[in-house]
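What follows is one chain in C-alpha cells, specifically the form predicted on its own.
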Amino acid sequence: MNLVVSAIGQGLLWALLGLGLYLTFRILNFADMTVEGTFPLGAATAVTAITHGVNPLLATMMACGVGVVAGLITGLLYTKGKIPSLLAGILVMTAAYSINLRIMGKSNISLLNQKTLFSSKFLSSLPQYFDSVLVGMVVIFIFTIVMIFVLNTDWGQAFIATGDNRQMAKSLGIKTDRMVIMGLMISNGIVGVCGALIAQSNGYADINMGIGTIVIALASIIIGEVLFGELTLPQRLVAVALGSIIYRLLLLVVLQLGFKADDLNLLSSIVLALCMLLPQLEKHLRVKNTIVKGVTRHE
C-alpha cells in the first residue's frame, strides 16, 4: 500500500513537468529540449538556496525564475537567432549543466536536517508518503486552474492560434515570436518549480537528475491522450496529471516484476513507444476489420 501511495504522490509531483511541456509540445508544436536542463536547474537553485537559509517557498519561486530565464534564452535563440528549435533547446540544456555545477559547487547536495516544503508539522503528521500526495494535489490544482484561466483569455487564444497556424496568426496581427518566447518562459518556469519540488521531496539535488525527464513528461502527455481520447483543453490538462500517475504505477508494476531500478530509463522509453504506437495499431486494426467486413458482405 505504501508503494502505491508513494507512486501516486510522485505521479502528482511529476505531473507538473507534463503540464509545462504540454504548453510547448502540444500547443506551440515546439520540440523543447530545454526541459532536461531546466529541471535540474530548478532543483539545484532551490536546494542551494535552502541550504543557505532561504525560505523553502522563496527558494521554489527562485527555481521558477531561473526556469523562466532558461526559456527566455531558448526563445531568443529560436526567434531572433533563427536557430532551429531542437538545437536551441539542446544548447541551453548543455549550458545549464555547467551552470548547475557552479550553483551547487559539486555534483549533488543533500537536504538532510534542512527545512523544506514537506517538513511542516502538518505534513509530518500525515501517514508515510501522504505528504507528497497532498502537496502534489494542491500544486496541480492551482497550476491547472491558472492555466485553464490564462488559455481562455484573449492572450491565451492568441497563444493557441500561434501553435495551430503561425502564418495565419501572424496575418491576424498576432506577434508570434513574442508568443513563442512567452510560451517557453512559462513552460520552463513550471518545469523549474517541478524540479524544486522533486528535489525537496527526494531530499537532494543531483547534477544528473534531469536525464530522461523529457521522456517522463511525454509519457504523461501521451498516456493521458491515448487512454482518454478526444477531450476539451481543460480535460486534457487533467488527463496529463492522470497520465503521470498511471505512468508511475506502471513503473511500480514493472519494478515489482523483478526489473532493476537501473532499467527505469529503458522501461520509460518502451512504455512511451508502446503508448505512441497504440493509436496506429488501433487504426490498422480498424482498417483491417473494415476490409474483412467488405469482403464478407461481397461474398
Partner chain sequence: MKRMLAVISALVIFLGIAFFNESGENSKSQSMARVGVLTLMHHPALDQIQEGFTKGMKEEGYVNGKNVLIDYQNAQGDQSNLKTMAAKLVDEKSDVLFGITTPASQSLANLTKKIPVVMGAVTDPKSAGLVTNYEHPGSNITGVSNMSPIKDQLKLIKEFMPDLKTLGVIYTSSDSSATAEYKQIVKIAAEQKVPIKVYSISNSNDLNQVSQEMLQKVDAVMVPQDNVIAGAMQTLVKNADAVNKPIFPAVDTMVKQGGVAAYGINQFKLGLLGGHLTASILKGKNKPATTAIRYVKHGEAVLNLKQAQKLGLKVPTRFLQEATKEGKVFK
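Positions refer to the first chain, counted from 1. No experiment lies behind these values; they were computed from the predicted model shown.
FYI, the form predicted in complex with the partner chain isn't displayed, but the following is about it.
Undergrad: Only one of N152, T144, N108, S119 gets a heavy atom within 4.5 Å of the partner chain in the model of the complex. Which one?
TA: It is N108 that has a heavy atom within 4.5 Å of the partner.
Undergrad: Name the single residue among V69, L255, V54, L274 that comes within 4.5 Å of the partner chain in the model of the complex, judging by heavy atoms.
TA: Residue within 4.5 Å of the partner: L255.
Undergrad: Counting only non-hydrogen atoms, choose the one of 71 to 79, 198 to 206, 180 to 188, 165 to 173 that falls within 4.5 Å of the partner chain in the model of the complex.
TA: Among the listed stretches, the partner-contacting one is 198 to 206.
Undergrad: Report whether the minimum heavy atom distance between M33 and the partner chain in the model of the complex is within 4.5 Å.
TA: Heavy-atom contact with the partner chain at 4.5 Å: absent for M33.
Undergrad: Examine M61 and determine whether its closest non-hydrogen atom to the partner chain in the model of the complex is within 4.5 angstroms.
TA: Although the partner chain is absent here, M61 would stay clear of it in the model of the complex, with no heavy atoms inside 4.5 Å.
Undergrad: So, I216 and the partner chain: in the model of the complex, are they within 4.5 Å at any heavy atom pair?
TA: Answer yes; at least one heavy atom of I216 falls within 4.5 Å of the partner chain in the model of the complex.
Undergrad: How about V138 - does it come within 4.5 Å of the partner chain in the model of the complex, if we only consider non-hydrogen atoms?
TA: V138: no, not in contact with the partner chain in the model of the complex.
Undergrad: V5, Q10 and L227 - do all three of these have some heavy atom no more than 4.5 Å from the partner chain in the model of the complex?
TA: The answer is yes: all three residues contact the partner (heavy atom, 4.5 Å cut-off).
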